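In the form predicted alone, a lone chain appears below as structure tokens.
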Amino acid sequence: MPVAAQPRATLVLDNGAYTIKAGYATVEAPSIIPNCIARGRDRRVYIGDEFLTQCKDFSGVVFRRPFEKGHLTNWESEKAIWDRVLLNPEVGFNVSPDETALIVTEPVLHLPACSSNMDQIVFEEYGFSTYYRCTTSALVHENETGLLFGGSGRSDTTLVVDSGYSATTVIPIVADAVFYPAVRRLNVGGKLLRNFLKETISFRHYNMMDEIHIVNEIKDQSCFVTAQFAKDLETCKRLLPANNPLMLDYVLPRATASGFRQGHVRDVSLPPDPDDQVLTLGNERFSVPEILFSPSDIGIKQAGLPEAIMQAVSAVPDPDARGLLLGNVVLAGGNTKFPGFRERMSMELQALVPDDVTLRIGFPEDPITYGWQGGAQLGQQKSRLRSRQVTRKEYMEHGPNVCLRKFGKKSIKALE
């Protein structure tokens, strides 16, 4: 019996709800591509990377995203984006699926029907040679997480805190496997934070309800997590804007004689431009990220992130594993990049941890691409990857059931 040809390359596709992190396992860093289809004011449609490279006016842009409430539900849009990422030479991949192994991520509590749709698209639409589907947290676990704590190597037990676009999830990984009964999801992500900031700005300053991309840029450049919320809130109430160190001026984007100028934080050392439209931000800067730690502030009946972490750890029955999880907490996702996030997390979580347990929190250099980096490491370990992946021949012979057996079937209780 002839031996099946081995794929020549391994492509890692961290398919996030906001961005796709894609690249071959042999490169140092991935390409970061918007996971969206956008329509500008001129009615022109931009797919994936075209939005950032070709769109000149971000005002009033309308987005269509394949993900809804953390689940990949719109494959018509996702396939159009994947076609550009995988098959279009402009992006730089120009993949030959029949000669490529694919590692792709899915949400941690993805509905089984959505996972099955992905299996079908990968094998029947694209025809990839081999395929491994897993969560981003599983790829985070593939990194040498010991480096984050001043050591080396990787542990078989990790607590991944992934705060992304749709939600924030706490994922205990015990003995190299996600322990689904202990997974906790907080319905606060970058999308909710952006929308809250958009409504606040529109109520207090300018009407920016249609400026989705611009408000997202304001959030990323201006917001921070405070360790003393009540005190900073009082400071903003008591001091005039000119004397308040927490105040910040954000210059909104506008057209100029030389082209379109992006929005930016105003440099106070330079004289102001009279043609600039300036947005002055005060307590909005720290009130928005505060929702991650206190969702009840806007009526969400869920525990804050530190409490959710302790709930997830407490749901693991093995006491030794609980101690290991708290000693190997790894932060991932774009929301963890807020200045002050790590310090606030350490302070609040330390107050909840038992005295006889050592708390260690690892913060990667780039928490957005950290999952992709783990996938790249796995892609270079051919023997480990071979034991997990499904070949196209196996799929055609046995159908979707072979993916259920190899990739694991999630507990129904964990999905409720």
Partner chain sequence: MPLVELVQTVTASSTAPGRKKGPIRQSDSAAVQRTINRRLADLERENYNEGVKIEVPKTEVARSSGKTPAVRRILASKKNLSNLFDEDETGAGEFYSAAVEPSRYPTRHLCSVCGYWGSITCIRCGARYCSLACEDTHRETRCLKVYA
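Only a predicted model underlies this, so the values are computations on that prediction, with no experimental measurement involved. Positions refer to the first chain, counted from 1.
There is another form of this protein, the form predicted in complex with its partner chain, and it is not shown here; the text below is about that form.
Listed residues Asp273, Glu76, Glu90, Glu99 were compared with its partner chain in the predicted complex; Glu76 is the one with a heavy atom within 4.5 Å. Ser296 is the sole member of Gln277, Asn94, Ser296, Gln221 with a non-hydrogen atom within 4.5 Å of its partner chain in the predicted complex. Using a 4.5 angstroms limit between non-hydrogen atoms, Asn283 touches its partner chain in the predicted complex. Among residues of the shown chain, Asp366 is not one whose heavy atoms approach its partner chain to within 4.5 Å in the predicted complex. Contact between Tyr132 and its partner chain in the predicted complex is not found at the 4.5 Å heavy atom cutoff. Contact check for Arg261: no non-hydrogen atom falls within 4.5 Å of its partner chain in the predicted complex. When contacts are defined as a non-hydrogen atom within 4.5 Å, none of Ser31, Lys56 and Ile173 contacts its partner chain in the predicted complex.
With the partner left out here, its partner chain still marks one of 243-251, 137-145, 324-332, 209-217 in the predicted complex; by a 4.5 Å heavy atom cut-off that stretch is 209-217. Residues Lys191, Leu192, Arg194, Asn195, Phe196, Lys198, Glu199, Phe203, Arg204, Met209, Asp210, Ile212 of 188-219 are found to place at least one heavy atom within 4.5 Å of its partner chain in the predicted complex.
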